[in-house]
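Alright, two takes on the same chain below, each alone as structure tokens: structure 1 and structure 2.
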Structure 1
Amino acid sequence: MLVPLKWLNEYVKIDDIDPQEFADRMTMSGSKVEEVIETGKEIENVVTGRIVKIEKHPNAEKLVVCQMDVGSETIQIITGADNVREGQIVPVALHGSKLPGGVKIKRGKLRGLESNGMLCSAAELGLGEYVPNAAAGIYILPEDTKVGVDIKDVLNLGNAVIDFEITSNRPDCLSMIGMAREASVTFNRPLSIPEIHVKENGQDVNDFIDVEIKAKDLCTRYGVRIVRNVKIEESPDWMKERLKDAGVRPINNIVDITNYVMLEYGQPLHAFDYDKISGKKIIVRRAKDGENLKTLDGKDRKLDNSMLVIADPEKPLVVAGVMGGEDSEVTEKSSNILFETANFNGTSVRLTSKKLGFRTEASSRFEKGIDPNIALDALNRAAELVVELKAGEVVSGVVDNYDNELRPWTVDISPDRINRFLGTDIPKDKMVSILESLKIDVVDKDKDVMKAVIPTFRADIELEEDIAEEIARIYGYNNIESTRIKGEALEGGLNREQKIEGIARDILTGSGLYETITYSIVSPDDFDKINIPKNSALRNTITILNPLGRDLSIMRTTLIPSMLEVIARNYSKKIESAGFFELGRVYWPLDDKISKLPEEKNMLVIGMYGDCDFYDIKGCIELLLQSLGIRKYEFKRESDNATFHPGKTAKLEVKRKNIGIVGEIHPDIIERFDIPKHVYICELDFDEIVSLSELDKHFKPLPKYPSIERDMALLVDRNIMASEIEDIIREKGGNLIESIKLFDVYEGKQIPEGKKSIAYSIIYRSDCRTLKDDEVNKVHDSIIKSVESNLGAQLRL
């Protein structure tokens, strides 16, 4: 909220305080400052000037040459605007001047003639929002404006305005008076709210209007005043200046008065053209289903029974608290006005404005809640201003329907408890004086438990803790001593899963992979992009009702598309080769009636491209599994997964459970992602890995007896898998096998077509005796025989 300090100074004297210091201290007492603004700060060296003479530019049809009296001298300036006339006073940006948006004005030549600056439009001075047709031509100033003075003085710029962030619990601060209250407490200075005196014309308001509230649940208070013989005109400068500084565009005196009072008191007011109200009667009622109203913005609004309207006996006039109707709008032709002050139910206003799809300043204020007890003050203040501005005559009396008056309530407070809660030692007297400065009365001051009497504008205070906050913020959060938590020592730390995640990250980064983090909300188009079959369970997703767009509309069920995108992005940045991994969740819809929530599973995806092949990614997985104590695992051929290359893909099984897939991404998919390289990806169920991992280490004595090494090179059909050979080696070698190492695979020259050469080095060892050559030879021979007879292998010599 924008608070002009000049305005605030009317209620609490603060004009001796530097704006920045004011802002800092207000922030520390609970009114957070977003920005300290000086209006027109960007304008430099712009003065008022009189147009002495206008001549046509000899070389350009659309330009004119103006001789400008700028006080100290007469200078020549060229302009293209067509609304300038001799004798007018306009803003002149001199040579070396600055305008909003970082614009710098310099002397120069326009079509051969010198121009010593620029004549400015209102828009160029940053007043676009406040002056009608601000960009249409040069800003013509009133005739009596002095020549040669700083434009900031003329336009009342250079004011300090503070932009406060008002939190949702403090709607009372959305007003000058509310902020003045805070300033008065913060700086310990008296608050003075001027008394309101309305000069009335002696006629009785009841002769003009009758008010009936039919929906009392949605409207707690409704008040009305009548103003006659209205003269619609511009507001005086002081009011326009304050409105502008507070970010509101001046319209005319009546509209400006309603806005001014709203800013001052926080109470939205509405002005009706009285003569458009039929039957001298206002009815506050629910709209009928299907009822129509054309609102101020010219749109037809379809209303329903949940919405509140202000109506006359014939028709709805206003969507209550949201927006006025076009028909009863105050215009230049209006001669009698009805001012409304009201207190509408916040939730109802909120739902109505949500349904209608727009919010207004008034609706957002009603939503947040307004003290019903300020309604009448605001109405009277508006009437007072009408008289002050000579905008009309005020009919005597108000109609005020307010059945259930809201009264102050009390909260029990114990200074002892508050001190224990805050960790402070604030004396009781100090607490009382802080509360009283906040207009919270304290009774039973001599008792251990006192009563705080909460003013009705502080709907946020219900509990002792709320009072504790009031005391703490005024006492100063930074005056509360920082202390350490006392109490028993607690067993903190990471759990098993978190530790395993850490180890996995160590292993994977140690393997040269970079960790990635991608959005968990993705596009449903991802499935087609990676060839997921139409009937796949992966397509059964959690879908967001109100997504930002299709691309971010479902919760992912696989991490593979995100990984492909990361790879594609890096490839497009000319990174020739890289490897990545991501540990992240996928989300499976679960028809669990109890939790109603999906299953969130942790998955690990690894992706690499460029300088690598299948065995690199497989090696990464094996290293990870072994590091996590998973020694028995099996890679089985997988040729039916449409995301992957049918011949270069395996599924990973541990204890007969499928825990993931690894392979080369199908070439069609790679093409879709614009990656002209082989890409290898694995996706593993990380929750399974965690549950299978065995972190306890047991020492095994180092071998006491020597080992014997034997090599063998075999010629086999090329489709024989290494695992088939290894299975036989293990089967025949039994517990004499210490390790099997594949050290060469070869196809090509000297090898018959359709065959490959595959060579192993086998280490034999016993842990209870020294093996003899004979014994090992026997075993080794039996292995060879077995691979020959079972796999049709031939020993290469």
Structure 2
Amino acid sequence: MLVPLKWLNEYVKIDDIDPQEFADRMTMSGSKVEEVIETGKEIENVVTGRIVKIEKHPNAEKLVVCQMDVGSETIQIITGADNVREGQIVPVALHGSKLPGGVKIKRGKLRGLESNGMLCSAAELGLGEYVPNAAAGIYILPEDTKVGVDIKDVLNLGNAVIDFEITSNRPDCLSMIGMAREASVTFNRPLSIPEIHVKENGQDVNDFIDVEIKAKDLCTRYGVRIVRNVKIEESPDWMKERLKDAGVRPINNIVDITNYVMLEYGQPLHAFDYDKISGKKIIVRRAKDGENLKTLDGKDRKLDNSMLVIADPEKPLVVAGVMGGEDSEVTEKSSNILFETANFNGTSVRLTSKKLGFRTEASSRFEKGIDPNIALDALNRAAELVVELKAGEVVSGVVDNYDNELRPWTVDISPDRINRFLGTDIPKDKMVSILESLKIDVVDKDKDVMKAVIPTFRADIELEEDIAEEIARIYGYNNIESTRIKGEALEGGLNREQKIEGIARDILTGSGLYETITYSIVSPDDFDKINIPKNSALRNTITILNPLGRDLSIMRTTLIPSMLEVIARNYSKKIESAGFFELGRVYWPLDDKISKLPEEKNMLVIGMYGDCDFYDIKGCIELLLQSLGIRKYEFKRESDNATFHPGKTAKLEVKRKNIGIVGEIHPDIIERFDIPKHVYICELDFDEIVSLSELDKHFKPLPKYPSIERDMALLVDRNIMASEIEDIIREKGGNLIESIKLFDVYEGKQIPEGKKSIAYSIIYRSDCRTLKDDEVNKVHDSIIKSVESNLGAQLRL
């Protein structure tokens, strides 16, 4: 919402306040400022000048030499513009002048002739948004413009405009009067909204038009006024200036009046050509299925029964609250017009706008909900402006259909409860003063529980908490002291889960991985992309009730598709090798969907591609587990997961509990995602990792007794896993085993087909005595025999 301060000053005197200070104070009172725009602020030393003489440049075919009268002197300027003529008055940037965008103008020579400045186009002055064909040439000013005058004075530049971000719960602030109320309260200055006086011609409006509302569920109020003997012409400069500053392009006096009132009151209006209304009757009804209407943008729109239209007995004239139709458009030939004001159902307007594929200033306001009690004021204000601009004669009276009038409502408020809620000690009298400055009347002031009477333009206030918020923002958040949480056993700092998450992030980033964050809402097609079976529990998802589209329609149950998308995106950007991780949540529906929220689980996914292999990602996992104090874990072969390569995948078990999977992605999936040949991914249950983590460190004293080391090389079947051999070593070696190190795995010419050689170094040590060779040999021989008998191994000599 662009708010010109010069216009706002008509309602609350703020012309003595610096624009930046105004913006800061308004932000602190709850009206968020996006930008402070000071038009013309960057323009310096640009004046109006008359072209006295034009000659062709002797050394350049496309340049002309202009002699310019700039008031105090006549100077020479060379230009390439082809729309300049002798006698015209144009903006002249003199030597040393500045233009928007940091452009500085200095005298110089063009093809051998001196040029003492530059003739300016509207675009070069920063006016391209408001001037048609701004880039077409030099900006030609009116013939009666004075020469030698600062261009900012001529074009009324230098006005400060504040761009406010208006939240959806405050549609009343989508108007100059709404923002004036906020400024009045913020700066404690009186609000002045001029009374409306309409000069009428004495004829009765009921003789000209009849209104019937058939769809009362979609239209709560509808009113009209008739204007006769209309003169379509340009609006006065003051109105065009205000519209431009507010970001609206002036068109003609009638259209400008509707836009002006919409900006002033926040109530959209529409003007019809009265003579094009058949039967002199307006009918507010639902559209008929298949009914067509050509809108003002020249497009044929196909309507249906869910849409509201303004029609005459023969045809639809307007898509209610969205856009007018060509058949009833006001043109230069119009002599009589009908002004419409209405209050339409916001949901209906939003859905209609979405179906038809376009959104307007009017529809965006109706969508948020407009106070129906401002409709008549806006209509009368438009009629007043018609008379003021001498644009026509206003017929006496208003047709106003408003059956169920919206009245102010009350909210019970307790100053004590509000102070406890805010953690403040604001006196009751101060609260009452704040509320009354917001046009919220307070009754029963002498009681502990008072009643706040809410004006109809504040539809966002329904509860005592809403009142507390209003009091807090006007009292000033900066005036509310910070207090610590009170209670027993409250201690600041990270909890155990947060500490473990921090350690995990440090370990994984230290391993060269980049952290990613992806959307929790995904597409059901992701399951097919990664070969998830139709009967898999992963397909039991939570569905979004009103999704933006199929691609964002369910809550994810696995992070793997998201990680593959990240890898595909980076690979498409010519990044040949990279590794990523994400700590994110998956969501599972519960049986009791009404009373309980979905089950949320924290998961960890790691993805690598390029210059890496299975052991790189396995190493990251092992480093993470060891850093979190998880020692007893196993990687077991997994060949029954369709997402992964059947021969290059393992599941991770800790204390015989499956906590995740790691492996190379299946070639079919690689092809679907158009990513490198070898991609490695692991997905782990991070909640289980947190529960299994042991952050306390336990230290043992250095050993007092020496160790004995024995090596063992075995010939085993290729499908025997190292973990199976290590389990036997630990079982038979008991407390004497200090460490087991696998130092060689070999398959080659000396090894029989289907076999492999695997070699270990075993360190034996006792905590209470010095071991003897015979004792160690006995245990070592027992290990060898057990491996031979249980796994069919042969000792290699």
Partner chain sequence: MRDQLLKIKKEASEDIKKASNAIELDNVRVKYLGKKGSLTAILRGMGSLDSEERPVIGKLANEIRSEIEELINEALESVKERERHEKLKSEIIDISMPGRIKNRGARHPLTIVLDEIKEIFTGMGFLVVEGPEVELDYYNFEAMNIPKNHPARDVQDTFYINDEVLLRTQTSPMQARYMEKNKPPIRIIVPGRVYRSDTPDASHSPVFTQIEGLVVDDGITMGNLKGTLDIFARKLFGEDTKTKFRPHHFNFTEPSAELDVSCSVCKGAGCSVCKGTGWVEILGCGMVHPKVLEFCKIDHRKYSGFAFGVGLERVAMIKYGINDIRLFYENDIRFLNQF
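Just so you know, these numbers come straight off a predicted model, no measurement behind them. Rigid core here is just the name for the largest C-alpha set that superposes within 1.5 Å across the two forms. For residue numbers, the reference is structure 1: its sequence is counted from 1.
As summarised for this chain, the second structure is the form predicted on its own, and the first is not.
Core-aligned CA deviation for G733 between structures 1 and 2: 2 Å or greater.
Relative to the superposed core, H197 undergoes a C-alpha shift smaller than 2 Å between structures 1 and 2. With a cut-off of 2 Å and the rigid core superposed, S723 has a Cα displacement that reaches or exceeds the cut-off between structures 1 and 2. With the core fitted, the CA of K56 sits 3.6 Å away from its counterpart between structures 1 and 2.
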